[in-house]
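Okay, so here's just one chain, in structure tokens, the form predicted alone.
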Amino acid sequence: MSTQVMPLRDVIARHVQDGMTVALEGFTHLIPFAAGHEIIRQRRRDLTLVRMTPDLIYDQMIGMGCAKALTFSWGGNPGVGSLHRLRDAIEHAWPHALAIDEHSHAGMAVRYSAGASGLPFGVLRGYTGTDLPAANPARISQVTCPFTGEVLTALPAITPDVTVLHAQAADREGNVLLRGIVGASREAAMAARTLVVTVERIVDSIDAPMNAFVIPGWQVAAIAEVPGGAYPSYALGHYARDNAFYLAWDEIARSRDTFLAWMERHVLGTADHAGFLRSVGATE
């Protein structure tokens, strides 16, 4: 597969379609906000969203009607509280009903790893004594080890139609560098049928430091150069997390009216991520 470098608008138009299973990964940092906003601008619908820790970008996508289902472990506004648009969808079916497939962090990691390994399911010593199996019987089962007789928890593999990541850099061959806290990004990338990546910059060559990994270009379908593409989360070596944004979001998202007005002004009312950054007063 040859990696194509193109504007983010074209990446989303080509690779994210209605009804797909889409994972926007990133663990506390390198969260692909720019890509999520472009999905909202293009008014994608009936998506099954997958993410180990859905936070503000999924709150926005769910509130704008992009999602029919959510596969996740923990969901919230980190350090602040609830995701009000997520809660409204689950509790009141606004803007419409949202099906949920709930797991632990370990369970999500196992499911991604199974998908990355080409296996139909993964196993772990976990969930025993919890309410998760009863709450999610369709996707949490048991299997007996043929060698020891031990009963283990079995979870179906996650194989997203598209995984979207944000990273620090890519070279002109399409190889992508991620460093810092990476969470399940590597597994989500390998499990996907299609991988697209936004990056802070495109460089001539990549030198991977410690606490980093490189996704080979043959695995990447498309790259978009989007400086600030993880804002308001952070990108190690480029910019810090905007904690004030997360605090402000709690109040913005509490009301349907204030939420819709904010999204109309700052996301639907801007042409791209650079416009969004200007609109919210962030520095590109």
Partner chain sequence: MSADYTPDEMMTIAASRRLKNGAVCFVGIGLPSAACNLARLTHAPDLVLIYESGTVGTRPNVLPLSIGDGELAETARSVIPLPEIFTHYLQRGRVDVGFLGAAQVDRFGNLNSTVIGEYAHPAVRLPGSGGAPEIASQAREVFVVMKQSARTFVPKLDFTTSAGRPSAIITDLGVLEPEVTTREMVLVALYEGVAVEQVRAACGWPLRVAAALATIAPPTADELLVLRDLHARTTRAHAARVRITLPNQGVT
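Computed from a prediction, not measured in an experiment: that's the story for all the values here. Numbering follows the first chain given and starts at 1.
Absent from the display: the form predicted together with its partner chain. The rest refers to it.
Within this chain, N211 lines the site of its partner chain in the predicted complex, having a heavy atom no more than 4.5 Å away.
In the predicted complex, P95 stays away from its partner chain, with no heavy atom inside 4.5 Å. Remark: A106 counts among the residues lining its partner chain in the predicted complex, judged by a heavy atom distance of 4.5 Å or less. Of the heavy atoms in V203, none are within 4.5 Å of its partner chain in the predicted complex.
Site residues D18, Y58 and A69 are none of them in contact with its partner chain in the predicted complex, judged by any heavy atom within 4.5 Å. Contacts of stretch 263 to 282 with its partner chain in the predicted complex, defined by any heavy atom lying within 4.5 Å, are made by D272, H273, A274, L277, R278, G281, A282, listed in sequence order.
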